[in-house]
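Let's start with one chain on its own, the form predicted alone, as structure tokens.
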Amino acid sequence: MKNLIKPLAIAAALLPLSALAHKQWIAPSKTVLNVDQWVTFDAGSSTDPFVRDHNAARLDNLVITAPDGSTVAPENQSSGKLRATFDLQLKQPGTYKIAVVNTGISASWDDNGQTKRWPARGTPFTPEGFAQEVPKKAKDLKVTQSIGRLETFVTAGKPNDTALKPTGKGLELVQVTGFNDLYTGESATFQFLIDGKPAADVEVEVVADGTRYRSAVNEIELKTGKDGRFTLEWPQPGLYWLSASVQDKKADKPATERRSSYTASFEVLSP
């Protein structure tokens, strides 16, 4: 089990996103830049994407992959009440992937008519804790594996795809149209993979920034085809939040169910 689960700092990160009322996001200041320029990022959890009204996102598992495939460290990282921030200097030409990947398990069971959950809120996950605190023969025991990806992408100069290669684990998005080549008036096509294979019939939600200043969220709802692909047109320039999830029985033990979720932010420019 130690190879399966990476400890998380808080139990909430292990729960299905549907159980959390807030949406997580990473917002770059710009996504298309020149070499040696700086990008600053905000990261939060809020009622609607990019609205700083709830909590800062936890960046314990933040990994920045450079255009050559190496890992680079963020600079000036800090966390306030409503947002976390960090900076990145784009020293290499090409495309960077900024990702927070949370993995873990959670359990629930019936204890004399009351629902018990593990781990308790605010308690870190440990394999030893699971073995000691979750009854193996509990009534209505449900153990869920969670794999959640929160990503965004920035490019210095000419884009490349070295940092974008899928891992083959969980739900992942791959580019057909370039992630940093998005413009209003032009359609964009992406593809979802689950464990490296096309993810068919996945429901996708897309929300444009600015929900605070309009009367409706105006979310765009899409579904992937048999090849895992979907195509959309951007109604306006700006930041967009994209999210999807898949539930299946392909969990690693001791879990019996798995929930794979994916969320990303993209910048759409005027042509």
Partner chain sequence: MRHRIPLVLCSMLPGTVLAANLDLTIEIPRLDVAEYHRPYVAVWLEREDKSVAANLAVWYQQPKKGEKVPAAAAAGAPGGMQGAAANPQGGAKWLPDLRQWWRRSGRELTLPADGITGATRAPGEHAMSFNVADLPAGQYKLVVEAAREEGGRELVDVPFQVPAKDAQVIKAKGSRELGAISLSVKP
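What you see is a predicted model, and the numbers here were worked out from it, not measured in a lab. Numbering follows the first chain given and starts at 1.
The form predicted in complex with the partner chain exists for this protein as well; it is not shown, and the discussion that follows is about that form.
**Q** At 4.5 Å between heavy atoms, is Glu203 in contact with the partner chain in the model of the complex?
**A** Contact check for Glu203: no, nothing within 4.5 Å of the partner chain in the model of the complex.
**Q** Is it the case that Glu186, even though its partner is missing from this view, gets within 4.5 Å of the partner chain in the model of the complex, heavy atoms only?
**A** Glu186: contacts the partner chain in the model of the complex.
**Q** Is Pro198 a contact residue for the partner chain in the model of the complex, using a 4.5 Å heavy atom cut-off?
**A** It does not: once the partner chain is placed as it appears in the model of the complex, Pro198 has no heavy atom within 4.5 Å of it.
**Q** So in the model of the complex, does Asn34 come within 4.5 Å of the partner chain, heavy atom to heavy atom?
**A** Yes, Asn34 sits close enough to the partner chain in the model of the complex that at least one of its heavy atoms falls within 4.5 Å.
**Q** Report the stretch among 168-176, 150-158, 131-139, 102-110 that approaches the partner chain in the model of the complex to within 4.5 Å, counting heavy atoms only.
**A** Stretch with heavy atoms near the partner: 150-158.
**Q** So which bits of 236-262 sit within 4.5 Å of the partner chain in the model of the complex, heavy atoms only?
**A** Sequence-ordered list is empty.
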